[in-house]
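So this first bit is one chain, no partners, the form predicted alone, shown in structure tokens.
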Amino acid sequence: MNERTQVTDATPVKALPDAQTVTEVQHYSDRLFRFRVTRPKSLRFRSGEFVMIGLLKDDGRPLLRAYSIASPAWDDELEFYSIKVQDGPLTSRLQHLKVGDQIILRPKPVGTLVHDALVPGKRLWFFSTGTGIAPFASLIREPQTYEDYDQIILTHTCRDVAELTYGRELVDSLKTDELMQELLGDAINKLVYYPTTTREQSPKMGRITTLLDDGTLFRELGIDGMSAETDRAMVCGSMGLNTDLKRILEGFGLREGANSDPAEYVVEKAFVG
């Protein structure tokens, strides 16, 4: 299933506090979808950050969760990529969004998956599982990413092939979209996309942590491992992925950084999915 709706003449709905209007919805499967909303004129954020979004509960109180902004900082709208959890307090309702609906958006972006939290390097790794690709969807559309690094490697691990669709379509669009071509030009060739699945058969199987531990990832990319002198990394995924990758990255000599203390790698602690 890959259905898309876009804004036309949306029917006005009752205004919510900090409300933004849904302008586009695309469903990729019975588990995943993305949506775009209007952007407050006053909102400023760094590519890779997240905000709190949500809906009003039946009792009128807001139900909010942290969502990475999947669109880059220069975009006129905000994009979000989400799972569907049938009994989830928020996603069970969020998945039914239609163009013209409104969501609550608290315009206070924060997060560690930003360029400011890393010291300068030559190669940047984006390690993601599931909807953890969202902040990297922002960063691979951010010109600074290509200005700061000689090579950018985006890994995305999911259970099934269909769950890779969002990332694959996004990476493909970077090479055909006129605006991205204007912004990035030949620099887009610095981006390497490395998708894997863990359950359904695909060209590349396995958890990214296993492929790192046994050296398969490096061999296939023609890279001689990692070093604190050249490599920088960002991690966004499940708690298990975060824990395993911290071990692996620190084994290569990389140190965990933060906005207040930049270093060689960062992990988004606010996201688990």
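Residue numbers here begin at 1 and follow the sequence given. Because the structure is predicted, anything quoted here is derived from the model rather than measured.
One more form of this protein exists, namely the form predicted together with a small molecule; it is left out here, but the text below deals with it.
At a distance of at most 4.5 angstroms from the small molecule in the model of the complex, none of the three residues P72, T112 and R232 contributes a non-hydrogen atom. Screening 140 to 148, 95 to 103, 171 to 179, 127 to 135 for residues having heavy atoms within 4.5 Å of the small molecule in the model of the complex returns a single hit, 127 to 135. Shown without its partner, this chain lists S29, S238, T216, S227 as candidates; in the model of the complex, only S238 has a non-hydrogen atom within 4.5 angstroms of the small molecule.
At a distance threshold of 4.5 angstroms between non-hydrogen atoms, E49 is out of contact with the small molecule in the model of the complex. The small molecule is not drawn, but in the model of the complex it has a heavy atom within 4.5 Å of T157. Although the partner is absent here, N189 lies well away from the small molecule in the model of the complex, with no heavy atom inside 4.5 Å. None of the heavy atoms of S202 is located within 4.5 Å of the small molecule in the model of the complex.
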